[in-house]
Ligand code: RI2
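In structure tokens, the next block holds one chain alone, the form predicted on its own.
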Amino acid sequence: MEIAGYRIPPEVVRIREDIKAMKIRGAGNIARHGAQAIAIAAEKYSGVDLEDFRKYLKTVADYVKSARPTAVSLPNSVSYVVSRLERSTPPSVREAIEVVTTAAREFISYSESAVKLIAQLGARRIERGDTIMTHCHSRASVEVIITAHRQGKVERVYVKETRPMLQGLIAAAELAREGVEVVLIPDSAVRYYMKRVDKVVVGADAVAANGAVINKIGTSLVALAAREARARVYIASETYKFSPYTVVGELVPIEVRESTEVVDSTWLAENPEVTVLNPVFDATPPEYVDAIITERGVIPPQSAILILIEEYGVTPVSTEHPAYSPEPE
């Protein structure tokens, strides 16, 4: 593949397409693969002009970031790696490549350690005998539950199937392999079973500056049911999923995927008058969230903006940012 006169390495194209097709899932996993893609691109560069290398890397970065518009971890991880080159003054392309590959390794290592810290901090919020509900598949949230289970705290876990891609089945299998008592339930049964739940633990694809949580479609309904049942809601999220681009969660772009993930092509052909919508994410208001568990500590959702300012040195921009648009109707 060629973009703007630059050949994109096939390994990078494969990673980007796997992210887009959801073969690579989970915001943290997506972020790590994004960083890896930039490192691969840098290593494949064969020129000797430093300025051309910078332009090439920016082209590749823009290409990789376009795979998933909602998972802010992807542009954040790519930007982390590219920004290290922008801040440095390597004397040659060889040294520039080393800057990029080192930054990618640093990010991947940081991402791995962040999940372990989140698991330890999150497990402290679980009390002995707790029944938990989770939604979709998040490595961070699964690790919180597993860690609490190993401490003898978890009674059982209700796992929602998470249609249409059934990521809940992945989470259920991982928890069951750890010896957790798992009950898999249909998405439509969330309110029915919530009265038996003490805590909700889910992940996040993005956290807006106002504390709104962008996660797999259906998360906001889980939080709403939990609020009604007075069950606490905890979000397990690395801080690199925090988005500096908006102060209103609903302005994060919500990806709409193919209708064939919901119904098969034969049914669509037989019912052409029916419009099938498949939004992938929704926004959970901060007032429905008890706390966000990050590698930097456990914070109220309203403190997300402080994390952005203090840890990343950025100030959230206005809601008029062109990269953001309302949820589909």
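A residue's number is simply how far along the shown sequence it sits, counting from 1. Computed from a prediction, not measured in an experiment: that's the story for all the values here.
Note that the form predicted in complex with the ligand isn't included here; everything after this is about it.
- In summary, the region of this chain contacting the ligand in the predicted bound form, judged by heavy atoms within 4.5 Å and restricted to 197-205, 180-188, 122-130, 80-88, corresponds to 197-205.
- At the 4.5 Å threshold, heavy atoms of K160 stay clear of the ligand in the predicted bound form, well away from it.
- Taking the partner from the other structure, the ligand in the predicted bound form has a heavy atom within 4.5 Å of a heavy atom of I30.
- Although the partner is absent here, I309 is not a contact residue: none of its heavy atoms lies within 4.5 angstroms of the ligand in the predicted bound form.
- Within 4.5 Å of some heavy atom of the ligand in the predicted bound form lies at least one heavy atom of G26.
- Distance criterion of 4.5 Å from any heavy atom to the ligand in the predicted bound form singles out C136 from the list C136, V100, L175, A223.
- If you take 265-289 and check each residue for a heavy atom within 4.5 Å of the ligand in the predicted bound form, you get just F281.
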